[in-house]
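Given next, in structure tokens, is a single chain: the form predicted on its own.
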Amino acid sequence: MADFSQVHNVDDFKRLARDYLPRPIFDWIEGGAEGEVSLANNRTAFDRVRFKPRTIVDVSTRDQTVELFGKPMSSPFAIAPMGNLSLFWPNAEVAMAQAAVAAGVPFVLSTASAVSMETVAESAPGGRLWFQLYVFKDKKVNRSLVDRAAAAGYEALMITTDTHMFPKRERDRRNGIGLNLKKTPRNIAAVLARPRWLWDVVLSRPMPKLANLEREVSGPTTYEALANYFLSQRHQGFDLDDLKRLRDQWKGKLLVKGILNVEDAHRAAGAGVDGIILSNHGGRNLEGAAAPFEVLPEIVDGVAGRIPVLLDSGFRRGSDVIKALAIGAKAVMLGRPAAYAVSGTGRDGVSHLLATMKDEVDRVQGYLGCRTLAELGRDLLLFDRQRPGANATMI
């Protein structure tokens, strides 16, 4: 088991990931779109909100469980869907799902997983598993993926709506990462400089594929062929009618991910979805997109309790989680932190991350004088109305 005695927060996991991964691979998960302004703003948005704690309160007993879709979560966070996790650790999706089951929180499997949805479900029995769907042009493929998720026992279907365009990620362009890592002298040197990663991920096992698509696509099923399908067949025409058709097909809980506009929140609720996830894809897609945390108050107030609101992008501390819940979010989703944690340490790293976040949530909750998360509210927050050199913030 790895030594986590000096791993106290997400930044420590990030440091371990940087030491384990070749630089282009680390940049792939770390970077954002274009000039990475949205990426940076996802973090600084949290700094513009501070706490007004209550201290004359008995907090000797505290509970951070939340109920979502009629079932308890031991903590108010889930692991977000991420593709290409096999670049960080062999069978990383299984490691994450098992850690989430043990911690009592949901795990979301990406369409772009290197491990099939059936294998993940078999490896993490009893867990709260959700499947994230990228919608393709071929409706037969979409129907098949949805039916397979239902047959495998996934509790919820999460439809991502903000990635129909291919983003401009300049770090990846400079590093020569497209469908795969180009064999340039610099990249070869970067890989050889990380011999443990080279053995763990590349040399000791077959090269991974996009396992969920392997049985859906006719013709070659090499990684390159499946990746070409994944990129070229995304449904740019996805609209409200498509969402309603998926609502009719899927009998479980349905969530829509990628909401940043209150009108979209209303349209999703009107289509019968069970929840929405505010997301700018971790700052990886649209440069200049608002941070989900910035638009959270408007959207929570807009849907007014009709459906639960979750969000991702930029969460690194338990205090970030508490701020989102105090504004009205039901739970949050952890993306990059889980990718850092699985790198080089697998399930043990993810378990330590979840325990660390749970401890931080508990600590902040206690400082704020809240015995349960239901006691959180906006009265405990101080909102900055001005940023230096700017007009009032959205919060």
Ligand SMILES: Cc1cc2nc3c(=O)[nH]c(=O)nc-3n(C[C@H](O)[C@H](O)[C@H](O)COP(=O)(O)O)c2cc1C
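Position 1 is the first residue in the sequence shown; the rest follow in order. Quick caveat, the model's predicted, so the values are computed rather than measured.
Just so you know, the form predicted together with this ligand exists too; it's not on screen, but the next bit is about it.
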Task: 4.5 Å heavy atom contact, G318 to this ligand in the predicted complex - done: no
Open item on the list: Contact with this ligand in the predicted complex for G83, defined as at least one heavy atom pair within 4.5 Å: yes or no?
Closed with: yes
Open item on the list: Can you tell me whether S110 touches this ligand? I mean in the predicted complex, with a 4.5 angstroms heavy atom cut-off.
Closed with: yes
Task: Partner proximity in the predicted complex: S279 to this ligand, non-hydrogen atom cutoff 4.5 Å - done: yes
Task: Partner-facing stretch of 244 to 252, 188 to 196, 295 to 303, 127 to 135, counted where any non-hydrogen atom is within 4.5 angstroms of this ligand in the predicted complex - done: 127 to 135
Open item on the list: Looking at R336, K358, H352, K330 here, can you tell me which has any non-hydrogen atom within 4.5 angstroms of this ligand in the predicted complex?
Closed with: R336
Open item on the list: For a quick check, can you give me the residues of 16 to 37 that have a heavy atom within 4.5 Å of this ligand in the predicted complex?
Closed with: W28, I29
